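Coming up are structure 1 and structure 2: the same protein chain in two forms, each one given alone as structure tokens.
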Structure 1
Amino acid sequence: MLSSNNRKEGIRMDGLTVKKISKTYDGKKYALRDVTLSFPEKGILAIIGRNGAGKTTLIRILSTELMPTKGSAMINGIDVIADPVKARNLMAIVPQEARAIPWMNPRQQVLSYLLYRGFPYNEASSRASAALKSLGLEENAKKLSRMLSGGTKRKILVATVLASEAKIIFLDEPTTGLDPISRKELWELLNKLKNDYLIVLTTHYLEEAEYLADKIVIIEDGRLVAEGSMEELRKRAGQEYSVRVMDATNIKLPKGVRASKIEKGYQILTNQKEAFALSNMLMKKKMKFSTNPVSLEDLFYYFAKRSINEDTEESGEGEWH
């Protein structure tokens, strides 16, 4: 948030700044609790959490769809809470519940959205064509959406917001319904776009966040429990490497080493120094093992104390309007 001194000096703080955002329902149930974070004006910020953890509530507040109970948020120097109309001019959104319009074809949907945002017809037409081409939708551009697959319909929605002039794009579960090939294609596109846009996405696919995000925010029970790049999260956890020992039910681990039982062996999360020592020991014993950087799934379990696949209930997560 801009300080009073920065306002007086006319200094603009671009990017996203969130300060102590909370949301309660009925004055009792918390959907968010004092969430504070910041992110620069370009790149990909991934918000991850279990179903109902609060990530969609946060997206709705930042995109002016929902008022917080308390707290503040700034996007490129504009107060999202105090000046939502001005903030909306900077953003484009694909909600999780959004659907392609069944009686329109992809070109009509993208074009109508751009005209609604105020683009002249010729510019809207060229932007629509470019966006559809970038997502490989040219062949389906004139087919009614109701005749297309679920994955293709999702691509239409992404193409719609990418065609706009928005500098911040909110994508809530953007690859839901996409097949693995289409998902990877969208990942590559988002990787290119992050050089020019601030992209905020939520996802259940942890490999998606790990692959795309410049910064990852983990939300659990409405609280921000961890944030940072993959490297920063690994260092914070003190668990940079995962050592998996296979066919080792009778192995005696060094004193102090904590291991989780997996099928026919153990998984040990540890730091670089201990992973190196443990690998040397296992090689001398001619044991089968693998050593890899700790995954985001491992880190999520470490910080949230439970699996991302465990659902919870989140009030206020209704449809977007």
Structure 2
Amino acid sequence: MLSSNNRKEGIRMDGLTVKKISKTYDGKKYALRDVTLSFPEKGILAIIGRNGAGKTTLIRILSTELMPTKGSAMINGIDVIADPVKARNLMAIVPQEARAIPWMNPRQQVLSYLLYRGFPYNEASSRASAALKSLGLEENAKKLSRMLSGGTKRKILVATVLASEAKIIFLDEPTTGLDPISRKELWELLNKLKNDYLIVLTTHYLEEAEYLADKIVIIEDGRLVAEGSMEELRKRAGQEYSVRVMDATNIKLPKGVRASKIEKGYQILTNQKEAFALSNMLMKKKMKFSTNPVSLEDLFYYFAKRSINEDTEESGEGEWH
């Protein structure tokens, strides 16, 4: 059977395949170490990790801006490292430091980006109009960017990449510094786009990754320490639910269940079965509590901490099972 995925070699022909990418900037310290992952043709892949974890380095390598020290990456069957010129046609990037140009209006900015990418003027012009319209930027299309809000400015950058022919879009910290309303607006936009595009984004807002991503990759000190959907990460951690018990000074927990102290009570992170049994018990005792699916924030601490512990115990490949 002809499949669009060449599973035998583990290479996706219709999305992203990253194999054992490592990068050292100075020949000594690893900014990335043996990062391996894959992702389908459409959807949102979120790369999370603290500052200096290696998120930007990975995005720069995948978008052909930087050569890895070792490893390979394929996008839609094209080798990003061996064939960067071909790969570049498929992708567009909004770098971490990108800003809307204050003395241009949104239309001029989108148009100049398209002309720079090599579109003939007429096509660039109609593409710019369509992209501005689809992002609701028509009204502001002829106002200087410096007059516009932070959220609108960020949308202009997204408009530039959407106006191109690229179906793979890299957004390095697209919502950093935005106010909560502008951030939410951009989230809604990205949520719509993920049906048609492969969007790779980095963020250190964990709720952003939780809300948007089809797959989350956690990078800690250059290593991929966990990957999966929220559901998969919860399962892998054995922490599916968070039970928070309020106003409790002393609760007797079932054997093997560990609680950590939080403000005004305790938090227990556990699997579904235990969480439901515990909730029943707390209900019978008429105690105040809440039971929720575990957040990415809790999972992030779990995986990041586990990775630090593993480092001190020397784990070999640094892989998670």
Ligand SMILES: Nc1ncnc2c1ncn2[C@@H]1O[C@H](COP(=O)(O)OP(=O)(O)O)[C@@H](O)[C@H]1O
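Numbering for residues begins at 1 and runs along the sequence of structure 1. Rigid core here is just the name for the largest C-alpha set that superposes within 1.5 Å across the two forms. As the structure is a computational prediction, the values presented were derived from the model and not from experiment.
Task: Of structures 1 and 2, the one that is the form predicted together with the ligand - done: Looking at both copies of the chain, structure 2 is the one that matches the description.
Task: Yes/no, residue 148 Cα shift of 2 Å or more between structure 1 and structure 2 with rigid core fixed - done: Yes, shifts by 2 Å or more.
Open item on the list: Following rigid core alignment, is the displacement of the residue 89 C-alpha between structure 1 and structure 2 equal to or greater than 2 angstroms?
Closed with: No.
Task: residue 170: Cα shift of 2 Å or greater between structure 1 and structure 2 (core-aligned) - done: Not so; residue 170 is displaced by less than 2 Å.
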